[in-house]
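Read the single chain below, which is given as structure tokens and is the form predicted on its own.
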């Protein structure tokens, strides 16, 4: 597998930002097709997937790209299906990433595996609530039985967690960029706000949290082909990303002061999206508790990264 070099990554990132900045009615898939996205994915799946979702997070875009990742890992023959993600709300049978107008069927994971149900049979309402700018839908009412489909949901869930981790990292990086720029422009007592040590500490802690999450995600990708390690590593990466957004968005809101709280500024959008993404496929609190329960019941702790000394 060829890995994209630094120059190629910069070019791809810039192109993706243009794609997500396009507010026209053109279909996102068509825009990615114009970019030659399939070729990029084939050349370097890890970098391509990570960059795509980081830029989606930066742009606060609400798309169904995650469905493509999850379905592709479950069974590429099911391409075009939507995915009903386990509900994290107090009502509803699950969450969809958008309306089902263009979908015929939706995949529903449960304790027995995955089943396919008719999209038209689902009763939907907008998720609304905290993140009012997302297109997510809650499925209310009873779900039809549907048909069982082949595929490994554990592997698909791991792929989804890697993608959502990247999206959270994108949200955090954009929020940190906004805070850094604010501290450069804003002056207090005749000095730039960013010259104060307490402010620098807040920004440094945010940067460290983001880089730790990025490192965990990179480690998860290195074992993505290992059926024993991939789910464990993806869970760890998702937990680390969720924890990072909790740290980063608290710090950046504090740095912006009143401008971090008002809806007149953009920071609240990053807070809303980061917190909502944290809940998708398990919040960082839930995933850490799940790991703890597994360890207490005797599940071996799979090392995601191994460090050893070379012997002479």
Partner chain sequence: MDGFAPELGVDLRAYAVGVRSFLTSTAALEEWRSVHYETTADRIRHEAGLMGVLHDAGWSRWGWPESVGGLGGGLVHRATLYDELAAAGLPIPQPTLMLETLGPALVRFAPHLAARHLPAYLRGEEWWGQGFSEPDAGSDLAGLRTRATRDGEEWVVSGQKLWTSHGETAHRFVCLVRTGAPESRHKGLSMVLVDRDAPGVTVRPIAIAGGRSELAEVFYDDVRIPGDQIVGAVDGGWSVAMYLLQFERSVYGWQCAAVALSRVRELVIAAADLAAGSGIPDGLTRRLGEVYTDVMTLRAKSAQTVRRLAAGEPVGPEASVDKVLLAAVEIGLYDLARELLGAGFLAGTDVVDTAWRDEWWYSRSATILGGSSEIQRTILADHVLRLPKEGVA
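Here the structure is a predicted model, which means the values were calculated and not measured. Positions refer to the first chain, counted from 1.
Note that the form predicted in complex with the partner chain isn't included here; everything after this is about it.
- With the partner omitted from this view, the residue of 113, 118, 129, 99 that lies near the partner chain in the predicted complex is 129 [heavy atom within 4.5 Å].
- Exactly one listed residue, out of 243, 47, 63, 279, brings a non-hydrogen atom to within 4.5 Å of the partner chain in the predicted complex: 279.
- Stretch 251 to 259 is the answer when you ask which of 51 to 59, 251 to 259, 65 to 73, 30 to 38 has residues with heavy atoms within 4.5 Å of the partner chain in the predicted complex.
- At the 4.5 Å threshold, heavy atoms of residue 188 reach the partner chain in the predicted complex.
- The closest non-hydrogen atom of residue 142 lies beyond 4.5 Å of the partner chain in the predicted complex.
- In the predicted complex, the partner chain lies within 4.5 Å of some heavy atom of residue 275.
- Using a 4.5 angstroms threshold between heavy atoms, residue 148 stays clear of the partner chain in the predicted complex.
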